[in-house]
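One chain comes next, on its own, written as structure tokens: the form predicted on its own.
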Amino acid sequence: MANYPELNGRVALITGAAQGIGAETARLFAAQGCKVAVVDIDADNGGKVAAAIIRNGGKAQAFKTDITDVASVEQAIAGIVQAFGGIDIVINCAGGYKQLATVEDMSIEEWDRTVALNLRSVFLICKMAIPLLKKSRAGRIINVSSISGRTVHAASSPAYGAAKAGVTQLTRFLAYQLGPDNITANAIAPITTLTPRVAALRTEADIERIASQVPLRRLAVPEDHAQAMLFLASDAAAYINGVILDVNGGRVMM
């Protein structure tokens, strides 16, 4: 793993950090010396991630948060400031969808729920963290978009894809508007990733089929994305702003 000593002591807010990509990102940032705020509505698993980081000598605290709710986000931000003194890095990992359906068949409730989880949440977290990022000497926003926000394929949700495309454009607005404050905003766009959730939902044949479409001939694992986000948070990426980094093994090239 690359070493970024400048990250030592910086405070990283990571949403969706109770499992999958978010949990691995929390672990890797903590290993670099970051103080990690594990933000997730899943208090049980979020607590386990934070506890594991602490056992390994890192600094972390879990914050049960509904990232689609204004009051809940406000409470989490206040708690992070109280615990760690500020925020230097914001990573919006939370996302997903419950139903695979066409636009015609999708319920309005599923559309609203998916857009809220994947796009409204990013807006709320960023909006409330910006005043704190402006006080940082190296403010960073890293949003997790998706290959589904870059192209269209059958095995995805229209609501999810539309929301992730929105995350991409919101990231650009953040980069443009916050650059004068020495805050960078970038995003990664992952491919289907072999998280425990994906492994439970997909058959071995599904996984082999998806992997066969990737030039590297394997699915991504959470560390692939966490490593990319470590770089974007580092001083080495200080002049990278408004970029969407496609972490997809060459599946889609843009």
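Everything numeric here is computed off the predicted structure, so don't read it as measured data. Position 1 is the first residue in the sequence shown; the rest follow in order.
There is another form of this protein, the form predicted together with a small molecule, and it is not shown here; the text below is about that form.
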Exercise for the section: Identify, from the list Arg197, Arg209, Arg55, Arg217, the residue with a heavy atom within 4.5 Å of the small molecule in the predicted bound form. Expected result: Arg197
Completion exercise
For the small molecule in the predicted bound form, the stretch among 75 to 83, 176 to 184, 117 to 125, 101 to 109 with residues bearing a heavy atom within 4.5 Å is 117 to 125
Practice task
Look up in the predicted bound form whether Ala228 has a non-hydrogen atom within 4.5 angstroms of the small molecule, and give yes or no.
Solution key: no
Handout entry: Heavy atom of Ile141 within 4.5 Å of the small molecule in the predicted bound form
Key = no
Problem - Interface membership of Ala94, the small molecule in the predicted bound form, 4.5 Å heavy atom rule - result: yes
Problem - Contact flag, Ala18 vs the small molecule in the predicted bound form, heavy atom cut 4.5 Å - result: yes
